[in-house]
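Single chain ahead, by itself, as structure tokens, in the form predicted alone.
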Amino acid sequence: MQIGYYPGCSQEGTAKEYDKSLREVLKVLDVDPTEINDWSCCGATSAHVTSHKLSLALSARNLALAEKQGLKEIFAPCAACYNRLLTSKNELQEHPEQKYEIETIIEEKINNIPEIYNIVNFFQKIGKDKIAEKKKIDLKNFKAACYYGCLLVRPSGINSDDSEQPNSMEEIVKATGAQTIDWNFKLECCGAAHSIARQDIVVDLSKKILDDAIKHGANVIVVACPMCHSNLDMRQQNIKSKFSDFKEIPVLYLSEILGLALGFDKKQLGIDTHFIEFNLPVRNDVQEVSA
């Protein structure tokens, strides 16, 4: 299977392990990702709160480049990138006069905007049966809290998943043999880009998410967003310094938990670069991937 790939800034910077694990997993699943030539930032997070026109133009340029490259489908593993690309696609299709203005700004015509997938519905497209078929290790002792965050299944109405009660990530995770839990905070915001300017907000919001996952029996949190991973993984050390009884919990990208089931080790997937050590109390059937 061939598909267009929009990595976005995070995949080549703060979330290199996300890109690394994703590429390893896609090889095993017989997917050939074709990177969009000369792609540029989609504008998340600053552009769309600074200038609506700028936010549309940045995303539109990438969509135009994908179309010029002949890509009919693209996927964006970053939830913020996906949200911006999907929102821009919808606005360009719904408002012809705005589309004309944006085409003038970017000096590119946009005729057939590619279909856009996030990482979860792209794995749905590949199929959970294929994931289960390629699985080498059953992760049946994993109790995963699937965390969507505030962007992955929004905007409501143009996203393919339920924006209030999504379960698509759970279905993919279950293909690894892992259990998934029901919990209350899977759509709550982690604080997003406040991580630098208002660390106190991020620590408070992230702690509530982590506490609820642990309260409902999770021993791992699965995410599909670089910013969510950064906050939930990195800020646990800040939380621990303020709350001595806080219990740490590992945070994995969806591609990483799939990679473990497909037989890759922690270093191959970049899990060894996380702040919170991945060292789940597992039995022999998954000992190979937790060593």
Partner chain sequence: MSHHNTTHVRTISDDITDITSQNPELCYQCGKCSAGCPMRNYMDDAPNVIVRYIQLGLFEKAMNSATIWLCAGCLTCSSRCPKNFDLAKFMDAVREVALRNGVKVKEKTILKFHKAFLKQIKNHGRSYEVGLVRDYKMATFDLFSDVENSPKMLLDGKLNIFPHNVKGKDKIKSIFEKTEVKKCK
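Positions refer to the first chain, counted from 1. Just so you know, these numbers come straight off a predicted model, no measurement behind them.
One more form of this protein exists, namely the form predicted in complex with the partner chain; it is left out here, but the text below deals with it.
> Only one of these stretches, 167 to 175, 213 to 221, 91 to 99, 140 to 148, has heavy atoms within 4.5 Å of the partner chain in the predicted bound form; which one is it?
Residues of 91 to 99 come within 4.5 Å of the partner.
> Work out which of Ser160, Gln179, Gln199, Gln124 lies within 4.5 Å of the partner chain in the predicted bound form, going by heavy atoms.
Here the answer is residue option Gln199.
> Please run the contact check for Ala47 against the partner chain in the predicted bound form: heavy atoms, 4.5 angstroms, yes or no?
Answer yes; at least one heavy atom of Ala47 falls within 4.5 Å of the partner chain in the predicted bound form.
> Flag Asn112 as yes or no: does it have a non-hydrogen atom within 4.5 angstroms of any non-hydrogen atom of the partner chain in the predicted bound form?
Although the partner chain is absent here, Asn112 would stay clear of it in the predicted bound form, with no heavy atoms inside 4.5 Å.
> Is there a non-hydrogen atom of Thr14 within 4.5 angstroms of a non-hydrogen atom of the partner chain in the predicted bound form?
Within the cut-off, so yes.
> Does the partner chain come within 4.5 Å of any heavy atom of Ala193 in the predicted bound form?
Ala193: contacts the partner chain in the predicted bound form.
> Each of Leu71, Tyr117 and Gln268 near the partner chain in the predicted bound form, meaning some heavy atom within 4.5 Å?
Not a single residue of the candidate spot has a heavy atom within 4.5 Å of the partner chain in the predicted bound form.
> Let me know which residues along 84 to 117 have a heavy atom within 4.5 Å of the partner chain in the predicted bound form, or say none if there are none.
Those in contact are Glu91, His95, Thr104, Ile105, Ile106, Glu107, Glu108.
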